[in-house]
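A lone chain, given as structure tokens: the form predicted alone.
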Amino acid sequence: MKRNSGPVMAQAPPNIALLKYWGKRDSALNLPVADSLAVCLDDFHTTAKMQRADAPADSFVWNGQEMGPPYRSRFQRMVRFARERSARDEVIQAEIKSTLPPRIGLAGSAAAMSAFALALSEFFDMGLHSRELSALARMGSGSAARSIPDGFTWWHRGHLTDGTDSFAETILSHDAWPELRILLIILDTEGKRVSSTDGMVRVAQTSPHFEAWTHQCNFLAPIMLEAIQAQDFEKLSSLAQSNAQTMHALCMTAQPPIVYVSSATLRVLEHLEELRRAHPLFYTLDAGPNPIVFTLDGSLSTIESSLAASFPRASVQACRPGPGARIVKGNGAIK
């Protein structure tokens, strides 16, 4: 059997949910209560370098800092799976570098966990196919399942208790919708006070509307699939923006309420609604204060200019749909 002894490096993108993941049927395995759909970005990738360590214990360094709770336990869980699957016990040193901070609602953790999962699979010669890699990444962060496949992805909630049928797969390649543009509006890089994991638990336990939310997401998934595959911007706009608004309204019905948006967020959303009168666009929000705007190429420069003039302290970054996780060769090329 092939045994990899040298360092490996993987790269993975953040993904932006169009149909939100908010609620778990199994917290230990990060199994969702409903299907979700998302798109990978072509920028802001995270890299994970992994190599054998001459040390008594594994090391997980993220942006120069050794990881403590809660992330360390997530990495360790994935490593335990890799050792059991490969029947190998090398101690590893993992170094993760992200361009987006975690915990700000822009899928920085998802990118990190998916890059780590792919590097882990390559280092331990696990030979996982895409669905298995997606399920492995999910063990670190639920939404990381969607950063493994290419482009637009559908994360199936699954039904099995072991989670083997809960994975993400591509529903439209990243280059199939060349006019689509995505703007990240970064207003705040401080970590949110209520983590997504804690927020999901609180909502599930205390909101009277959680069951209705779950049914709605499962109902909308095939409808949104059709909109994405048909590249129907207007239909996708209505579905995705409404779903994001519903998720944040749901969080406010928890006890105590959870508010992820800020006053700056609301001012940006009001501005976007004004722009929407003349330009094709919609926004979405994950669990954080930073809006994400979807538009078409012909309107991109006008929207960027308007946001820059109205919100000079915000960082506005333009992206396109991008490929999923990849192994990086020693010369920096993607394999």
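Counting begins at 1, following the sequence as shown. Since the structure is predicted, the reported quantities are computational estimates derived from the model, not experimental observations.
Below, we turn to the form predicted in complex with a small molecule, even though it does not appear here.
- Checking T189, T197, T206, S238 for any heavy atom within 4.5 Å of the small molecule in the predicted complex turns up a single hit: T197.
- For the options S121, S134, S143, T153, the residue carrying a heavy atom within 4.5 angstroms of the small molecule in the predicted complex is S143.
- With a 4.5 Å cutoff on heavy atoms, R326 does not count as touching the small molecule in the predicted complex; it lies far away.
- The small molecule is not shown here, and in the predicted complex it never comes within 4.5 Å of any heavy atom of V39.
- Contact check for I258: no non-hydrogen atom falls within 4.5 Å of the small molecule in the predicted complex.
- Of the heavy atoms in K24, some are within 4.5 Å of the small molecule in the predicted complex.
- Stretch-level contact analysis of 296-304, 281-289, 265-273, 50-58 against the small molecule in the predicted complex, using heavy atoms and a 4.5 Å limit, identifies 281-289.
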